[in-house]
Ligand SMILES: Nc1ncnc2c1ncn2[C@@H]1O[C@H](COP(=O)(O)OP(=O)(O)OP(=O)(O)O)[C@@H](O)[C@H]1O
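In structure tokens, the next block holds one chain alone, the form predicted alone.
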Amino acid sequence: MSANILEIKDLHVNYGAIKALKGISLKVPKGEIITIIGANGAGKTTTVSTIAGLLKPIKGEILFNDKKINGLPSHEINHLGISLSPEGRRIFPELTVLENLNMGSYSSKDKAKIKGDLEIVFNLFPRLKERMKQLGGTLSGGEQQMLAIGRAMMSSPSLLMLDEPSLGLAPILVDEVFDSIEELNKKGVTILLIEQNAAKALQISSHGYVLETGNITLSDSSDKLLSNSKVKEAFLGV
């Protein structure tokens, strides 16, 4: 087992009186794809939003490369090497594909590095290169998802968090997006994947966590979760 790039210990997050996360702990080993599966409202988006610094925990620790990061502002967390591609894509529809991508490298002044990161994104998603001057809002759902992932990649993250990347996509596009996630991982990017499409997520990840109403109820290798009767019944429709 490789060293952990990310470790969460006893994380509690509230929305007012609502307890969204009730003391979750998880580990993300460097170089792997780890997935969190769960129904709507389970706390999946809350988890990645808190790691990214968009929400503040009331208790617990988030360690990135053994450094405590909870309490840091989100832009500093991004500088350290964590990037989030949010649920719902949230691209800028009035900006071109290239302008959207450049928003992902807003904090970098190194033009050569930005150019290099852009090449990596275009190699991964050739369609974005073809549509470089097109407005983000005119892209198909699948292309917008590629743009959201590409934008998150523009800060050269060592940990990429993807929140529901397959949501609302046609099956053929889902396959494309998952292929690109595997490709990114092969290039050395560690990935924390949040997915409702549990079967797909578990097929490409090494380990999975099942989140239910703010608690982790199962944690196992993805293979074992795929064959677990409770997981099959709840998430795989078997």
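Residue indices: 1-based, along the sequence shown. Computed from a prediction, not measured in an experiment: that's the story for all the values here.
Keep in mind that the form predicted together with this ligand is not shown, yet the notes after this line are about it.
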Using the partner position in the model of the complex, report whether Lys44 sits within 4.5 Å of this ligand, counting heavy atoms only. yes
Answer with yes or no whether Ala39 is in contact with this ligand in the model of the complex, where contact means some heavy atom within 4.5 Å. yes
Verify the contact flag for Glu164: yes if a non-hydrogen atom of it lies within 4.5 Å of a non-hydrogen atom of this ligand in the model of the complex, no if not. yes
So, Ile216 and this ligand: in the model of the complex, are they within 4.5 Å at any heavy atom pair? no
Candidate stretches 63-71, 172-180, 44-52, 199-207, one within 4.5 Å of this ligand in the model of the complex by heavy atom: 44-52
Enumerate the residues of 6-25 that have a non-hydrogen atom within 4.5 Å of this ligand in the model of the complex, in sequence order, or give none. Tyr15, Ile18, Ala20
